[in-house]
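Just one chain follows, in the form predicted on its own, and it is written as structure tokens.
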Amino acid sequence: MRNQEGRRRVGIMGGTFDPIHIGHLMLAERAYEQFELDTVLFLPAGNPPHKHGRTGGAEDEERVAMVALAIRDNPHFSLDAEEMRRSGDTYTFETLLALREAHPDTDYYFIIGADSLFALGTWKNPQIVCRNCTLLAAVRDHASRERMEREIERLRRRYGADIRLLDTPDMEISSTELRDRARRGQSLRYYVPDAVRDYITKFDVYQDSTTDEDNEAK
């Protein structure tokens, strides 16, 4: 679908997806509906600097495989593993610049949580991020709408950011908790798609991992 200017509207759902879970999928689906997107790209993070030193997670190919399984039945979701093919640290601004260069007829909508909104100033080149996409920030109970709106206004003034609020169900699911549940042999039913649960079980994705203490944003 193209808008009146002939441009496509593509959402970007980034994350480590370790593992991908129902919360990620619901957030992407709500963005697709609320902002009338043509598609949502799922971009598993390659080597983000803020995740250095994290242990106890799935291998890169396992994370990609789980995303592929999770979205395979949704025609407006697709997988982009571009960051996984890069060496060294990977940054959002680089991903956006590459996408814009490859697809100049596309407008990008980057989906983020409330925590990422308040941490935007710590990202590498946040001004480039803001120039190359619209940010869709998910509303959560732990961050009031009024507080988020104040932060959005501040970011607009500082970076010229175009930020929209994304209304989503208040569903807090921790990937760290899910990894711990898998290690303990507890069920992941209803937390992750059945195909992802079966993959984790079949390949013992988290069974040989040591407990990690990363403070992962979900």
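Keep in mind it's a predicted model, so treat the numbers as computed, not measured. The first residue of the sequence shown is number 1, and the count goes up from there.
Omitted here: the form predicted in complex with a small molecule. The next part is about that form.
Trainee: Choose from 88 to 96, 105 to 113, 74 to 82, 125 to 133 the stretch whose residues reach within 4.5 Å of the small molecule in the predicted bound form, heavy atoms counted.
Mentor: Comparing against the small molecule in the predicted bound form, the contact stretch is 105 to 113.
Trainee: Hey, in the predicted bound form, does residue 119 get a heavy atom within 4.5 angstroms of the small molecule?
Mentor: Looking in the predicted bound form, residue contacts with the small molecule do not include residue 119, since no heavy atom lies within 4.5 Å.
Trainee: Would residue 199 count as a contact of the small molecule in the predicted bound form, using a 4.5 angstroms cut-off between non-hydrogen atoms?
Mentor: No - in the predicted bound form, heavy atoms of residue 199 and the small molecule never come within 4.5 Å of each other.
Trainee: Is residue 173 close enough to the small molecule in the predicted bound form to count, meaning some heavy atom within 4.5 Å?
Mentor: Output for residue 173 is yes: heavy atoms within 4.5 Å of the small molecule.
Trainee: Although the partner isn't part of this model, could you tell me whether residue 100 comes within 4.5 Å of the small molecule in the predicted bound form, counting any heavy atom of the residue?
Mentor: Residue 100: no, not in contact with the small molecule in the predicted bound form.
Trainee: Would you kindly say which of 37, 182, 163, 27 lies with a heavy atom within 4.5 Å of the small molecule in the predicted bound form?
Mentor: Result of the distance check: 27.
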